[in-house]
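Just so you know, structure 1 and structure 2 below are the same protein chain in two forms, each on its own as structure tokens.
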Structure 1
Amino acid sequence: MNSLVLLVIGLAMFTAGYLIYSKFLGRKIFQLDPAFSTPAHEMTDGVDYVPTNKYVLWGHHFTSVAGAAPIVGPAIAVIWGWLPAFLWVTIGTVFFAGMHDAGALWASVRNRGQSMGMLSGRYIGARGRNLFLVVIFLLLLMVNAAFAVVIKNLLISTPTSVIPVWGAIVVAVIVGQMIYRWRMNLALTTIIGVTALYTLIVIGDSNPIELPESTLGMAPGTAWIVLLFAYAFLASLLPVWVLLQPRDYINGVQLFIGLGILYGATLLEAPKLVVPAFNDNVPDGTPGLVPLLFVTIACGAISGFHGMVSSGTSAKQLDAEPDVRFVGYFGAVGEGLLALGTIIVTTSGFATLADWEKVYTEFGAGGVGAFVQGGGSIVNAGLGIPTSLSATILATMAVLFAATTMDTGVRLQRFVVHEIAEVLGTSISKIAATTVAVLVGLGLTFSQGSSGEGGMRIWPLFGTTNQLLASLTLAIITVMLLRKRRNPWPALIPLALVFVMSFYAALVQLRDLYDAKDWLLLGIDAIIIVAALWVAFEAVIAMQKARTEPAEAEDADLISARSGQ
């Protein structure tokens, strides 16, 4: 089959999802009210609460949620064939992620812009909030460990990306100086920054860099991981304007350019899918499609992390309640587009099925490498950019996503360490907290040996944890809908499926990890299972209570928002 068919059907589903389903959600379920005074207006402080134009806010929201995950997940999941991944990404985006992201935004807007953690305390109980902290800690730990390995693998498999990847740091630092010290116009600075980045890509393409066999006694893979954590350590300690802010910005611009290149090339080339719809000939050791598909593709279908962004920053800046549709729902569609693009390039960017099978030799082997390789050949055929340069562009794009997520992850982990220290009645310095965050991440990455492959084995565990977080958010939305006597099914159905699949996946993984005698991951998985049961128990009680208690008055949110309850 031709990939263009997949592209057209996928785009049609996303469009219909936004135009029809999100309209239904906005009108009937959330009952978005243009007259509702959002927290951005009620509590304007010029810092967190700032009414923001919906297009700008969508840009913030989308670049915050789009990391390497919508590339990594689908690129691994196509091992079961293109159809399961395609269906889960499209249906997942339209009926699961859209509902989840827009719902989280709506729930938070109706509760003074409070985070999901606070809302779980209000709607599910104090234990729900504690659980939320445990899940977030695990999630950040996994992000840091897994993304370090993703980047390391790309730097080794695509040595031409080494110069642009590390050069991007220099470009970001210079962009930061141009804006803050030299007060240069941002539009001009953006053009200069992006041009510099692409020049580095061209330079890197003809100058591949590989680490020697041994660097200070470390193999190349080990050395890259150590270097990456050292970078994340420094990046998370520097003032944000020096590196993180310009880096996130340039990366956001690069995200749009990358998506344009990918979709443009696919439209022009329309390559054929070489992978069967269902792949029966999976390598030994590949886990079953059900339930692992549903946790392997988290971002790009449904991701709990999005709820954190929706309720963390986006809700505080929403100008008018009807913007929930555009910012929340269309933000999820943006991630779906990235995931759809990944499925197309990893299933049609290879000449033959045999070539594809050479890459997908085991579960987790395909991944981002396949995205770069397959995408490189499509961009070459569609836009005429040499294969090697195309691959370098895509590898740089993937690494930049992963790296910005990783350094933000280390920074957030540092805050969590600070909070834990406070709970224990002590204080910890910035450097010590960052050291703890980096060492814990390094420890987990090397838990499977010095090559760091442990990082990727964690991936399905990341998916499980992330989906658990999504269940928690959907449970909060369901309780809110039940209290208001509105139709809870659009939230309840995704909640049931996501919960059952992630719980089932956690059980399957528990058995596999026991067989592999992987005690560390087994311990983490056990914590996840206990947490999942806990969520289910608490959520069912909260829902039961919401159903039997008198209905909430229509203006209850308004009153509670004004009184600060």
Structure 2
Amino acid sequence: MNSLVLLVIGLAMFTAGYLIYSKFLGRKIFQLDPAFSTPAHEMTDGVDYVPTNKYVLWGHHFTSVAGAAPIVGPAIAVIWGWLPAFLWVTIGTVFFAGMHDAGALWASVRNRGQSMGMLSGRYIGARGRNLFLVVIFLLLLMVNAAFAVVIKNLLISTPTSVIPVWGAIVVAVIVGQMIYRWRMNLALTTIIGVTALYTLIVIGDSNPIELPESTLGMAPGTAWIVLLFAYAFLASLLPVWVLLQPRDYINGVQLFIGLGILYGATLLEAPKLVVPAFNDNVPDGTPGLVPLLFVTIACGAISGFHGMVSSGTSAKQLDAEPDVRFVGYFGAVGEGLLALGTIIVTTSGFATLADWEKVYTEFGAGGVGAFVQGGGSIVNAGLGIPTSLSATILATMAVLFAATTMDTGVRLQRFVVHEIAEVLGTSISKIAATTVAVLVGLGLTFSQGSSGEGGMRIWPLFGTTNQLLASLTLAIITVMLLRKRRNPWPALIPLALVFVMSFYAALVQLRDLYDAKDWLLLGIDAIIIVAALWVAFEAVIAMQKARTEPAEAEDADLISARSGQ
């Protein structure tokens, strides 16, 4: 089968999803109001609450939620064949992720930009909120620690990406000045920023950078991790428009250039899929497709981390409520586009099935490496770009996405630390909260050695934790819709499927951890399962109560948020 078929069908589904389904959600379900004053205007502080152009905010939101996950998840999941991954990415993006991401953004905007953790207290109850915060804290800890290791590995394995990755920070700071201080035309600013970034990619391709064997007594891997956390510490404290927003915006534009290169090469080369629709020759030890497919591909279909970003940073920058549709729903579509490209290059970027099987020797053996290898091959064949430069472009794209997720993750962790302190009846400064977030992440990363093995220690629990969080976020949205007497089914249906699959996967994982006698992960997994089950139980009670009580006034959420209830 030709990969062009996947490309055409996938693009058609995403287009219909945005033009038709998201319009239905915006008008009938969320009832987005242009006259509504968003938290960015009501609480402007120039640091976290900043009214932002919807195109710039889309870039910030999209690259923050994406990370490397829309690449890693699908690149691993094709081990079961291309069809399951393709169906879950396309259907999941249109009917699951779009609803979840836009819904979380809408819910937070209607509640003064508060996070899902705090909203759970209002809509589900105090016990649910406390357990919700525990799950969120663990999830962000996994993200920050694991992404530091992933980025470190990519910087070491692809030294040609070092100059563009770190040079992008300088480009972003200048772009931020051009947008907010010099008030330059956005289109011109975009052209200058993207041109500068790709100039750095070309320079980096000819000038690979490797750290010396010892930097202040640290090995290269250790030094990269320390540098990454130091960067995340500073980036998460700066006003959002100085670095995070402009860098993410340029990265978002870069995604479409990268996808244009990938899709253009696919169009010209039209490579055949070398992988069967369903692969019945999976390596020994590969887990079952159900339920693991639904937790292996998170970003690119649906991901609980997106709700954290929507309610953590994006809601504080939304200029107008109707922008929820473009920023939230189209942000999910952007991830779907990247995941679709990943499926295509990892199933058609190899000459033969035998070559593909040499990479996919075990579950988890694909990932970013297969994406860079397969993508570089297609780009070289379709557009004639040298394989080395193609690999540098794709590796830079992956690292930049991962880095944006890490610095946003540390910022979100700071908010969560604030909220936990608030629940405990105390307060904590921004610097102290950020220090806690960074030290906890560093502690986990180096818990098993200076090379950062600990960063991946609890990562195996990410998939199930992340998807359980997505279902709990959908539960909050469902309660809100029920209270307002609006149609809850667009949230309720994805909630049911995602919760069942992720809970099933968590139980399977619990059994596997018991067999492996991994008591640490087994204990954490048990805590997550109990917390999720408890929150789900409280959510069902809240839904039943919302159905029977009189409908609430349209501005009830806002009034409650203002009064701190």
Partner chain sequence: MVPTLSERWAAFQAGLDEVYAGPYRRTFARAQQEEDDLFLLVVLAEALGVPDPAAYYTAELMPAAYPQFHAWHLRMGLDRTPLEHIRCC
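Note that this is a predicted model, so its numbers are computed, not measured. One-based numbering along structure 1's sequence throughout. Here the rigid core means the biggest group of C-alpha atoms that line up within 1.5 Å when the two forms are laid on top of each other.
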Report the structure number, 1 or 2, for the form predicted together with its partner chain. 1
With both forms fit on the core, has residue 286 moved 2 Å or more by CA between structures 1 and 2? no
Does residue 142 show a Cα shift reaching 2 Å between structures 1 and 2 after rigid-core superposition? yes
When the rigid core is used for the superposition, does residue 503 move between structures 1 and 2 (threshold: C-alpha shift of 2 Å or more)? no
Supposing the core is put in the same place in both forms, how far has the CA of residue 253 shifted between structures 1 and 2, in Å? 5.7
